[in-house]
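In the block that follows, a single chain appears as structure tokens, in the form predicted on its own.
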């Protein structure tokens, strides 16, 4: 039976207080797990979040012949020396998009990879032609049959390439960067993604012996060859999107809340926007304190225009929580989603809760606030909008039911327990 959250709203009161920790990042751990396929050396990753997408990767690893097991609460041991094939289990792989990131390392190490069209959140068109084109540019032969993509390198060695991304893609940048480490010759990736997860992956690959220059900039150069490094362990960085979501909640409903185990520099754009809106923040090295003191009303906070953009711009994955924020503060705010078509579809449910939101087109909405939200029964449509609904339910008047919690579990570990610790009345039920 599908699980759901029952949330009792605070009716706009700023009563939440305490400490809420940030766990390891979903968008960071998945490429790190994929990168372990490039080496036979045993590896330990720690600060690994206990989320559904990590469990799905573990299931894919099992079908590949990879040893993957938890050795402590947040620590996993991976040994790929027994890998037997490059075919991803189709039923598992098509359930989440990150599965395609495994294709690059498999193709580079084994000379072949097979996978279905990846699935995941319903947030608009997410084509994979960039991946297929890049693999073919590196010397792979592509065939399609039975609803699957089959890639093979006849010489079992990919070739370096120069590739310009027509659209910035985090997963494609990660995938080509990994594949290039075992390719022959030099690979240059231009208009590459600059997200912190790219830098983290490059650091891990470098610890394996890869030669990478420029990670975190628009041009990344990889000198291919062999990987001889043997890192004992590697830490998954904290989830910047979790940090941002908790920060937005604290700004709306916090008395005084400290968000710990985070990297504030990775959410600098959000911090600056909230400060300009009127939120009182104190930023430390690994934590952020929101000082609401229960006195500042949301009606005294100001709205703003939000335009999503690739890093270091405003993250598309924080767009839904930020839209909830804008329903509670003063003035008109334009939200412009530039990355994914369809990612604003959730606003119809916020309108059902009482929000004043006008959809201009699939990419733009106008939000007018502040408006009192009223509890409703909601269906979580994807990871990020799902957590946005939790935030909306917390600030609303009355009770809310949020169905399809699986989507939220894909990206956030035991989020309800951490929310209860700061005073949220939330319960998980079947």
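Numbering follows the first chain given and starts at 1. Keep in mind it's a predicted model, so treat the numbers as computed, not measured.
Keep in mind that the form predicted together with a small molecule is not shown, yet the notes after this line are about it.
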Is it the case that residue 340, even though its partner is missing from this view, gets within 4.5 Å of the small molecule in the predicted bound form, heavy atoms only? yes
Using a 4.5 Å heavy atom cut-off, state whether residue 242 contacts the small molecule in the predicted bound form. no
Determine whether any heavy atom of residue 97 comes within 4.5 Å of a heavy atom of the small molecule in the predicted bound form, and answer yes or no. yes
Residue 289 within 4.5 Å of the small molecule in the predicted bound form, heavy atoms: no
Go through 215 to 223, 154 to 162, 82 to 90, 170 to 178 and give me the stretch that gets within 4.5 Å of the small molecule in the predicted bound form, heavy atoms only. 170 to 178
Residue (of 316, 256, 298, 207) lying close to the small molecule in the predicted bound form, criterion heavy atoms within 4.5 Å: 316
Can you work out which of 78, 128, 357, 227 has a heavy atom no more than 4.5 Å from the small molecule in the predicted bound form? 128
